[in-house]
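As C-alpha cells, one chain now follows by itself in the form predicted on its own.
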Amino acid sequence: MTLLIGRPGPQTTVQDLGRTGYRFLGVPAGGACDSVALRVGNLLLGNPAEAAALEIMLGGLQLRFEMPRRFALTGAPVAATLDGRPLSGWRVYEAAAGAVLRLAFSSEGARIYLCVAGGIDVPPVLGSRATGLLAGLGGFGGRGLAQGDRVPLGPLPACMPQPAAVLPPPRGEVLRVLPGPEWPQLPRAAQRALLTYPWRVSPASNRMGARLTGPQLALEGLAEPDSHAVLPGVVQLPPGGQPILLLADAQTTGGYAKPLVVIEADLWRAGQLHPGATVRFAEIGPDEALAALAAQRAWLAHIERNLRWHTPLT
C-alpha cells in the first residue's frame, strides 16, 4: 500500500501536527506549516487529527496510487488532475489502483497538502511522523521525497465519512499580530513602517522562516537582546532591519529583537506565504487574538460535526 513518487516538485515532505515537548532539548515542533489545511484534510477522510500527509511546496508533484484509496488536496489552490480528470481542492476523491495524480504550480499559496485515507505510515520519531529537514529527523528518512520513493500508507479508518467538500477559509495578505517583548524599544518610525508597509516575501525563505523585504528600518537605540526562546509566529528583526517571520521549523532560540508576534489563529496564513507575495501586519489586542482562535476552533468543530452526520454507522 504505497504511493510511488514520479516527480516530487521543488520540495515534498511528510508532515503531521509536529512533535511537542522537546523544545528544551533544542528540537523544534515542526509539522505542517498550514495546520488548518492538514486538519481539514484529515477530517474529510475520517483520519485521526494527527495523521501524516504530504506537504507539497508550490506544486509540481506527480505520483501513482498503487492501490485504490480516497484522498483530498487542501491548502494552496492548484490545478490538479487524476488520470487527466481535473480536480478541485478541499474535496474527497477516490483513486483507482494505478491512477496518476499530477499537480501544476500554485501562484496563490506556498503549500498544498495531499491527505490520504489512513495517512502516511512512516515510523514516528519522538512521537511524530513530521520531517525535520534541518536535523534529518523523522518523516521519510529525514528528507524530502525523491523520484522513485514508495511512500507507505496506513490502514483505512474504521469509519469514513461520505465523500464531501469544504469551502477553504479566506486567506488575504494581512497577518494579525501582538506586540513582542522589544516593541517598546523600537524607534517610532520603525514601528510605523512595520505596521504600514506591504512587506514582500523573499525567495530565500523556507520552512524555518519567511524573510521579508521592504524599507530599511532604522534601529538606533535598539539593543540586541541575549539569546532567548523563540516560537513559530515570532517576527525577528536582525541588525540589517529586514524582518524574518518564523515558521513551523523555527529554531528554538534566537538573539534578534522580537517586535511582533503573529497570533496563533493566523499561523496557517503565514505558512502559505509564497515567494513574491506581499504581507501586512495589523496590530490587535490579546482579547481579539483569543477570540480569533476560538472562532477558528469552532469552525473546525463545525466541520467535524457535519462530517460525523455523514459517516455510516459500523
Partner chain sequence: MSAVSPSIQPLGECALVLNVGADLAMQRRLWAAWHVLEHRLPEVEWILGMGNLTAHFDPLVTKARLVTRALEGAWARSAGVELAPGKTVTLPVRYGGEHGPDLAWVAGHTGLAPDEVVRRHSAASYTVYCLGFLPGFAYLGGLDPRLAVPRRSDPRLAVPAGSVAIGGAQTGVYPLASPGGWQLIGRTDAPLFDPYRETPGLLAPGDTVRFQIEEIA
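Only a predicted model underlies this, so the values are computations on that prediction, with no experimental measurement involved. Numbering follows the first chain given and starts at 1.
The protein also exists as the form predicted in complex with the partner chain; that form is not presented, and the subsequent description refers to it.
Contact check for Leu44, Ala117 and Arg150: none of the three has a heavy atom within 4.5 Å of the partner chain in the model of the complex. Residue in contact with the partner chain in the model of the complex (any heavy atom within 4.5 Å), chosen from Val125, Met160, Leu219, Ala99: Val125. Shown without its partner, this chain lists Ala204, Ala165, Ala146, Ala135 as candidates; in the model of the complex, only Ala135 has a non-hydrogen atom within 4.5 angstroms of the partner chain.
Residues of just one listed stretch (100 to 108, 193 to 201, 219 to 227, 84 to 92) have heavy atoms within 4.5 Å of the partner chain in the model of the complex: 219 to 227. Looking at Leu156, you'd find every heavy atom of it more than 4.5 angstroms from the partner chain in the model of the complex. Among residues of the shown chain, Glu66 is not one whose heavy atoms approach the partner chain to within 4.5 Å in the model of the complex. Taking the partner from the other structure, the partner chain in the model of the complex has a heavy atom within 4.5 Å of a heavy atom of Ile263.
Although the partner is absent here, Val234 is a contact residue: one of its heavy atoms lies within 4.5 angstroms of the partner chain in the model of the complex. Contact residues in stretch 30 to 66 (any heavy atom within 4.5 Å of the partner chain, taken in the model of the complex) are absent; none meets the cut-off.
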